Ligand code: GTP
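What follows is one chain in structure tokens, specifically the form predicted alone.
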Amino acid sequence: MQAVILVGGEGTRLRPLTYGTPKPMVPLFGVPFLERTIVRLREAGVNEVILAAGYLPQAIIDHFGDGSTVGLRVTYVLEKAPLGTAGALRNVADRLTGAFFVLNGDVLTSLDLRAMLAYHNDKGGEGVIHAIRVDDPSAFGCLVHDGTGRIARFVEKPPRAEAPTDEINAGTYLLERSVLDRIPSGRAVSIERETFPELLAAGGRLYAYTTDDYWLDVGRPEQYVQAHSDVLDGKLVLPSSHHASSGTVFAVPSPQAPPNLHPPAFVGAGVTIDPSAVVGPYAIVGDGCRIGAGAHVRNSILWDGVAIEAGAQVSDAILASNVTVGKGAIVRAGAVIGHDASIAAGRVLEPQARIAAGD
């Protein structure tokens, strides 16, 4: 079984985190998000993953290599220019030998891929699209289907009051190779707006596989924070990983926890927390971080090597690797700080601030 993961995007919504890190390599509890996805595929019986990459691909290649460390084969097809969701699949067509999974690289889900494969085999169509129900489908593509699950039409981002259904395209597909023949080569093509509607118009059969699994698009900072909070709250269990951080999740008070740690929280390896600092709840502290005397960190994500100096306050924020927050500085809600940036002592950041190195 093969799978294609679409990882060509530049991650513009997560900037400045993605100025030096491709979006698929953004960490989730110390492990690249893409690795979490690949491990799920391996556990579902997939033995080869094809990465359709474009932006900063070398970081991905350096981490995964041939895939031996994650227990399956990983191959790479690089896009010279963005090809869209269907164009990227057409670009890897010569690597595919049969039915294959397709996953968007920024979706976090508990979807049972083996059950989805069984559903596809039972239906016998050209493909299956994972669907979930949401309160407001206006930001997504709706799937309209009959009682058998056969999809009749797609409605992209309808006004909420006009949405024909609350079931949306959740970004995981299982497709027969014949679908690739419907995709023109050499240009950008959207699978949602072109390929799927044209397939239906030609009489092809696509089915919705609707579940109530956990599902989250982590392409925005607030959703990235939510993903960590949901794991800490037990809403999603992450599979183990070869590169898993040696850090610890503290779900409840524990005598093994650092002083003044308020669970739930995650503390990576080699972290130094002053006894007078207050960390948590909902703090993710990466490997090698240092939190000084009287500092406060809550509901925030600190990547590796972050230094929070004495008296500084960080709340509802994301700090990339090797950021330094000076003494008494205040990082307010919604702030996103890029790699190697330094916040001067006493500085107060405005809410929703975006800070890159040198700013």
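Because the structure is a prediction, the values reported are computed rather than measured. Don't overthink the numbering: it's just position in the shown sequence, from 1.
Form predicted in complex with ligand GTP: not shown, discussed below.
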property: Option from 285 to 293, 137 to 145, 201 to 209, 100 to 108 whose residues, in the predicted bound form, bring a heavy atom within 4.5 Å of ligand GTP; result: 100 to 108
property: Contact assignment for ligand GTP in the predicted bound form, among I318, A53, V325, I38, heavy atom within 4.5 Å; result: A53
property: Output flag, E10, K23 and G84 jointly within 4.5 Å of ligand GTP in the predicted bound form, heavy atom basis; result: yes
property: Any non-hydrogen atom of E79 within 4.5 angstroms of ligand GTP in the predicted bound form; result: yes
property: Non-hydrogen atom contact A3 with ligand GTP in the predicted bound form at 4.5 angstroms; result: no
property: I168: touches ligand GTP in the predicted bound form, heavy atom cutoff 4.5 angstroms; result: no
property: Ligand GTP contact at I191 in the predicted bound form, heavy atom, 4.5 Å; result: no
